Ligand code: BES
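Taking the form predicted alone, here's one chain by itself in structure tokens.
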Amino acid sequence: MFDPIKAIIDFTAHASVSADPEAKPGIEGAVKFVGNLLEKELGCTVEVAPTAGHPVVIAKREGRPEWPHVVIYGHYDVQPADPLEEWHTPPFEGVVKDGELFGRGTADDKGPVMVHIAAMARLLERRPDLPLRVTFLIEGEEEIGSVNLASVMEARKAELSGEFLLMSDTTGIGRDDESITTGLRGISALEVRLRGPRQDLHSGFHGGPVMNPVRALAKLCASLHDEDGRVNIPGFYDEVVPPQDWEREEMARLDRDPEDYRKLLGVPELCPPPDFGVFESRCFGPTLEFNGIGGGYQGSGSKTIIPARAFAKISCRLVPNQDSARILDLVEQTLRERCPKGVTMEVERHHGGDPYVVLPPHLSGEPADTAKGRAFRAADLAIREQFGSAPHYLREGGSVPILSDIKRILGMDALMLSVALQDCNMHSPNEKLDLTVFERCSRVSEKILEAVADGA
């Protein structure tokens, strides 16, 4: 009998940190584990497709050509576990406590991937001859921008194209209140490095005539927002499309208390930019954030120097119709124009991806009798059954950069079933997965896949 919780724990044991060059054993272990699981539990034909970076696992449940074809997307790579001292349990040892499973990757994205594997396992146990073709497309570079998956899709369009994409790399509202994600923000990421003297200098001997790179960086970073918190880069908002009325109404229907949200985050005050409420600003507005900053002495006590270097890591979250490459151009141009005298600048561009929005058929006017239409209708009904209320149709603030490429290359829209919750500590210490939500979502996925197979 397939035990999905044990499978997530075993999957989590592989430290598949895509950003870490030293994590090759974890990457290889995760690839082998998920490939073997799909072959053993679902009878899939499994291929490990090499790329210029980390490989892609392609697992197929074949069938007759006239059967509908669903592609299930996920990723086996995870974020770094740092800072390790803030974890209450070892990050790569899954631990179940009070109905939650703790460990790096449990919520992003190893647990959500297992939702659909468990759904297929349960469905095939009941109906081994299910008239449905399924392809699992599980990559290893989502956390670093899916830099090589597009080339795999370009080379294999025919076999990877299906009626729609099913995935769960998104976050939901709460344990008893499920959502179907209708949009994700895009992303543009880069790093700026400033250099002053050829080496750290004595701050007494040389303080005065020398521009301190940390001071220059602080001035530069402070210039990128205005007093109201809006991004202060010319042209940044030019292509922004405001949310539709129904989206704002759906957001308002949540009736969430900003004070509860503030307490959850542990911040003294919430500071949304103009034009958006607290929760609207998390998905409808673009942002520029500093993800890391450094320079100079970092040890205990003091060291009176003028540091030679300083850096900042920056990412922008983008909304329709912003273009990730254009935003990188605008940010880099602004940084160079505002670079203080006395330092030199280097800008390194990291990953990017465009925003993605999908309208459910009942809101877009599309035919309801397509595989995509049946899937959304089945999801709506199953969520009402499992969660006790209708789903919310909401955009989300996070990014899955490959989705715009999947739409462009394979022509598929995505049905995004949310599994992780707002308090799951995604990308943070003590990442966790609510096991009640996991089970409910697995049942929903099962209903979706069966409805598509049956044309119901």
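Worth saying up front: this structure is predicted, and the values here are computed from it rather than measured. Residues carry their position along the shown sequence, with the first being 1.
The same protein has a further form, the form predicted together with the named molecule, not shown here; the description that follows concerns it.
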Is residue 143 close to the named molecule in the model of the complex, meaning a heavy atom pair under 4.5 Å apart or at it?
-> yes
Evaluate residue 386 for contact with the named molecule in the model of the complex, applying a 4.5 angstroms cut-off between non-hydrogen atoms, and reply yes or no.
-> no
Report whether the minimum heavy atom distance between residue 137 and the named molecule in the model of the complex is within 4.5 Å.
-> no
Answer yes if any heavy atom of residue 426 is within 4.5 Å of a heavy atom of the named molecule in the model of the complex; otherwise answer no.
-> yes
Which of 181 to 189, 364 to 372, 324 to 332, 293 to 301 lines the interface with the named molecule in the model of the complex (heavy atom within 4.5 Å) = 181 to 189
Please pick, from 29, 43, 398, 53, the one residue with any non-hydrogen atom lying within 4.5 angstroms of the named molecule in the model of the complex.
-> 398
Candidate spot 69, 122 and 445, all three in 4.5 Å heavy atom range of the named molecule in the model of the complex?
-> no
Residues of stretch 153 to 187 in contact with the named molecule in the model of the complex (4.5 Å, non-hydrogen atom) = 169, 170, 171, 184, 187
